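This document starts with one chain, in the form predicted alone, laid out as structure tokens.
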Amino acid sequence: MGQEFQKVERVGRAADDDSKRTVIIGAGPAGLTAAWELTRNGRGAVVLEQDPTHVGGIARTVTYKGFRFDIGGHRFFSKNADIEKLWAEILGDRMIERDRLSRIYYRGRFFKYPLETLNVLENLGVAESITCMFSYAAARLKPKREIKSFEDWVVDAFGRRLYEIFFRSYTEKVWGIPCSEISADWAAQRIKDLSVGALVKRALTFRKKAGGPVIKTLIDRFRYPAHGPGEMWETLTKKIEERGAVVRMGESVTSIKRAAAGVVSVVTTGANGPRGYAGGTFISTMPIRELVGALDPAAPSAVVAAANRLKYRDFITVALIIDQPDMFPDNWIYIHEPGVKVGRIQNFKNWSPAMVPDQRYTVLGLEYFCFDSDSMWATPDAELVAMGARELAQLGLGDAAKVVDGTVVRQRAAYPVYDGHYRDAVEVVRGFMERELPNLQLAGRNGMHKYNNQDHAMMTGLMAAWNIMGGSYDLWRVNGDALYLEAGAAGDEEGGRMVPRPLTSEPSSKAA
């Protein structure tokens, strides 16, 4: 087993039989949900989390001097009944109902988001609105034959002018690459049901028909834990530990030992030095690039090269505490203004009043997108807080003099990048894993390199657990609504709308 540790850790109910235990890398929504399902059925599990304090991954909630803020915003809404039931079972009446209000800030004006036809026309003015209409008509009269990039997808759906106004600047700020280099897969997954037709229909329809389809992008109410999404994952962790699972914090994976039959153990390092965790089955939610890099013996060079082609966008949250009880009514605002670096602003008090310990104050989360190689990543916290206060005032959204405190949280690998190479790279890694490591399943956002919401990640965790208990589910067939696509379902159709064909063909399903 190597010289990194003296012995394999034997923990949990299945400590006397490693072959009956599942080792899970990552205590985010996917990993914890898998542990929940396994322990609910009497299976042993150990969860390894590199963060020394927080569970929940990017869905965690951070506390600073009593003020709570999330790493991004995390609505609790799913079309999947299993996920909704799980949320209710874990937190019950701790889940509160919230009205959604989010807007786009562009040229000093606020546009409702999701876009509303009359609001857009009013804010753009007659001349700009007519330009947008002609642009949309031109796209409809001459649709693109081949959809490859995010730019292709949005221009085809909305017209070039609306793309330039509402999609290009923010998207490039988030991803740090031109929209022409972002795969159409991202648009298909994130805004697949939204169209100009849907917006017009919504503007003309005062009441949604009972039982009618819900466009996830357009939902105007959602549930949310009183103390933020971290409350969900902290509570779930306690529950699975009560069932005998072990959650080890501050344990970074250094190597994944494999043999002819698959993975044998996971080696970590932490405050207590190196440790090894043996098991019969394994689930990984760590970034694919890091997973492949940790394999021992190393993966073939072609697999390593493919994994190294996968890119991730990093993320900085600048949390500002402001001596003002009310700021603006939005849950969050998308900042399309090119003159500032901030990309999105969360008003956590509007997510839940319990996010602030004193109602005289407000806590805002200013979100900056970057790579960890950028100069911004290494900028001292005090300078980032000062920049956040300055940009808030520049946008006219707050008074810098009322910012009384602030803190900074950096999140690596927050978003898997959908560039023109990611799909082929994932397929190379996936093929190797299925051939050589059959007892290891990939789950979750970074584990599968899929930009998804927490309900989607949770569904992959559930299905991974079901497979360990004898099921035969293909996690790669979970779509963006956390629904399982049965074998034989149209690969290019999700949610009733045709999705543009991606850069490579959709892998076929193995499950039924």
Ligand SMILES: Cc1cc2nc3c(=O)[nH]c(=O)nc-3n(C[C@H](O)[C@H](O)[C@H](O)COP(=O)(O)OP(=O)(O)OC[C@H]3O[C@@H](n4cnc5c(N)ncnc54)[C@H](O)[C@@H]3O)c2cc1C
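For clarity, every value in this text was computed on a predicted model and none was experimentally measured. For every residue, the number given is its place in the sequence shown, counted from 1.
Just so you know, the form predicted in complex with the named molecule exists too; it's not on screen, but the next bit is about it.
Site annotation in the predicted complex: the residue of Thr39, Asn453, Asn467, Thr61 reaching within 4.5 Å of the named molecule with a heavy atom is Asn453. This chain is displayed alone, yet in the predicted complex one of Cys179, Val356, Ile90, Ala414 has a heavy atom within 4.5 Å of the named molecule; that residue is Ala414. Heavy atoms of Arg445 reach within 4.5 Å of the named molecule in the predicted complex, making it an interface residue. The named molecule in the predicted complex comes within 4.5 Å of a heavy atom belonging to Glu290.
Remark: Val253 counts among the residues lining the named molecule in the predicted complex, judged by a heavy atom distance of 4.5 Å or less. None of the heavy atoms of Gly270 is located within 4.5 Å of the named molecule in the predicted complex. At a distance of at most 4.5 angstroms from the named molecule in the predicted complex, all three residues Ile25, Ala30 and Gly57 contribute at least one non-hydrogen atom. Here the chain stands by itself, but in the predicted complex one stretch of 111 to 119, 333 to 341, 67 to 75, 153 to 161, 67 to 75, has heavy atoms within 4.5 Å of the named molecule. Residue Phe315 is the only member of 299 to 315 with a non-hydrogen atom no more than 4.5 angstroms from the named molecule in the predicted complex.
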